[in-house]
Structure formats: structure tokens, C-alpha cells
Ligand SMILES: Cc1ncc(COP(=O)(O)O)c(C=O)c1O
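Below you will find one chain, with nothing else, as C-alpha cells; this is the form predicted alone, and questions on how it binds or moves follow later.
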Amino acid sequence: MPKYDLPGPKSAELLEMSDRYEGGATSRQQPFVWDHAEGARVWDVDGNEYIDWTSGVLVTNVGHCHPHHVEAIQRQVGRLLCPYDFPTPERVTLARRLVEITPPNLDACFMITTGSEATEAAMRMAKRYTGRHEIISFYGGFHGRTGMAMAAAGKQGTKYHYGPVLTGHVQSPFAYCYRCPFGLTPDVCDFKCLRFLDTVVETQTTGDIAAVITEPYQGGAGFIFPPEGWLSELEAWCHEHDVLFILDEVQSSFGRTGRMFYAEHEELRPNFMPLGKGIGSGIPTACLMTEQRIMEVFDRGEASSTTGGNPVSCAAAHAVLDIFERENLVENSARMGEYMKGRLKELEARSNYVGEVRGRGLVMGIEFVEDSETREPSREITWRVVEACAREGLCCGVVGFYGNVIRVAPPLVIDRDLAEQSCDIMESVVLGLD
């Protein structure tokens, strides 16, 4: 029997109110309304408890409402909220800490508010520094919903019905190996999608290329991870063509993949690394890590932000870094990720509806299909699983190029017991589909 009858009465009332007063601009995942959360668990307004596989869309990496995080925010709110871009101890010392832990070439930090701002700033600065104006991005990519970020998107859904996007943006195929656009497999392809970049340059650009922007893995497209070495070769391609390399780590940073930053997996040295989401663990915070030689193109005050780098956001980020240092969350991400991926790969082998489980650390995607042989994407099965998981006490959501991927991204504080319980729920639901 189902654990919960959803939506509960309070959730139903609030969901109806949301439809009436908020419109449809926000997503609707599972049929309940969050009330409070702690660690890797969430409670809805009707008192039902869930294990969280979302981290509030890969944000609350240090867990929901971590006491040190909460205390740091509360203390700062009582001292100073927003000084515009006057420097504060919180902002200046945070910039230093971030420079010290990111790749060694990144010796400058620009604090802002959102991931979209960070990717926009990277592309804008790349154009200004190089004097060139074209940006290459990838099919399936997501870099935000503002103007330039939307133009760099590799999914129609980000741009649908908004009319022509900014010129000077071209896309190339990403390494979606499960659904390779060239019909190849990693063992024989020789990174065909990277070789295709030269064709893109020759046929779609004017040769005025400022930068290439990519996520280390594509989150919104369904947690698509390129093969080992692919990013290193992309970085080398950028160097060979005198093009700046933007590694969009808004989602992949702060321990999510079992390393503090994804760049560490292949010792990458991007010219720009936008950071967000996990940096504030729920408090809107973002920054752009770059090089002093590039930052010097800005005139003093040219890029200031009303709330970027405000002391509350910076205090939150300081607390996040403290927690990482004290609680070994990067190691826990790697360890729990290995366990959970192993469990889910076993499920892939047992279910005809699970096409592929992929991921690294505590970020994975489960791609659902009508049949594992045909690989036809199945939204219908995906939503059946999501709704059944909610009734059994597992909070998860849907992403993917075809809307058929369930995200597996719990807070990095998840322990073995909750990891096991959550995998048990997913296994029971999926194997019960037949």
C-alpha cells in the first residue's frame, strides 16, 4: 500500500492557490508543498517525511538548515545587509578563500548573485578581452535564462516562443554517448563530436570566436557526462585556436561530483569558471572565477552589482566552506555516490525501463525508456515513477532533453542509512512497474 495519499489537504489547498496566483512560470514536480527540511530530509505541510534527492536543484550541498550555516546567516543579518559594492570583510576574505581553492590560474573573483549572471559575465568579459564576438556552446547545454545565456542554450525549451536570440552564438554536438548524434560508440568514435568543432567554425561562424562555454556535465539535459579526457581535449582545442575556455561549474562545483570542483578530475585550467548554487547552499550567491589579466579590461566600477557579494551571501558562503573543511563532505560525496550508483546500475541491469544510469559523486541521472533495446524515451514511465516515489517518501524530480530522466542529487551529508533507504524505494517502484 502507498505510504502517503498525495496531495495531503494542506498541500492541495496551497497547490490550488499557487495555480491561481502564481501562474505556470515555475515547475511542478511532485504533488506536495515543502514545509521544512533538515540534512537530507524534507517534510511537507501535512507532516509527511521524504528523503531528498534534489538538494533544492543541487543547491543545498551542506544539507538543509545546517546549524553552522544558519547561525552565520542570522548573525550577519543583524549586522549589515547591503552596502552596494562598498567592500566588506566578508566579501574580500571570501574572494581570497575562493582563489585559494580553485585552479591555480584563477586568481581573481567577481562576486555576483545568480548563476545566470556569472555565465553572462564570463561571456561578456571574453568578448571584451579578445575583441571578438562569437561564442560556441553545445547541444543540450543550459547556462541560465537571461539574454546571452539563453542564446548559448542548446535546448529549444529554454528559447521556445521567445523569438530570435542574440546573434553570434553557435552550437555543436555534446558527448551524449547514450544517444550519439553520429551513431557512434565511445570505443570507436575518437571524440567525433570534438572533431566536428572545426566544421562548426568553418560553416557557422565568421571566424570571430571569443570563447567556448560548456558545463562539465549537462545537468538540465539529463546529467550527461562526457567520456574521460573529453574536457581536456576541448581545453586543448581552445588553446590551439586562441579561444577562451569557460567551464560553467554553477551546478557541478562544491563537492557535487566527489571533488570540490569538477575541473579537478582532469586538472583543467579554464579561463573562466562561473560558480553558483552550492556556494551559498540556499542563500542566493554566485561568483565568476577568472584571471587578473582578463579582469583588467574592466574600468573601475563598470561591472558592479546591486546585491552581488552582499555580506549575508558572503557569510553564507564562508559557512559553507567551513562545513566542507570540518565534515569531509567531498569524501562523503564520493563514497555515497559510489554506493548509490552501484545500486542503481544493478537496477539498470534488472529493469527493461531503465536505459542508462550515469553520474559521478552525488549527481546522477536515471534515463527511462519504453524498452532498453529501442531506447525510445518515455516521459510517461518517468512520471509514473516520480509520483510513486513521492507516495513512498522519496523526493525527486524530472529533467532531460526528452523529459525522461530522474535526478539523483541528495545533499552531500546523506548517510549510508538514508542512501540505502532511498535506493530501496526507487528499486521497489521501478521493479513494480511490470
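If you're wondering where the values come from, they're calculated on a predicted model, not measured in any experiment. Residue positions are given as counts along the sequence shown, with the first one as 1.
If you look for the form predicted in complex with the ligand, you will not find it shown, but the lines that follow are about it.
Residues with any non-hydrogen atom within 4.5 angstroms of the ligand in the model of the complex fall in just one of 113-121, 181-189, 304-312, 155-163: 113-121. The partner is absent here; in the model of the complex, the one residue of P103, G144, G168, P173 having a heavy atom within 4.5 Å of the ligand is G144. Site annotation in the model of the complex: the residue of N271, S333, S281, Q251 reaching within 4.5 Å of the ligand with a heavy atom is Q251. Interface residue remark: R91 is not counted as part of the site for the ligand in the model of the complex, having no heavy atom within 4.5 Å. In the model of the complex, no heavy atom of R358 sits within 4.5 Å of the ligand.
Contact annotation for 194-224: a single residue, E215, has a non-hydrogen atom within 4.5 angstroms of the ligand in the model of the complex.
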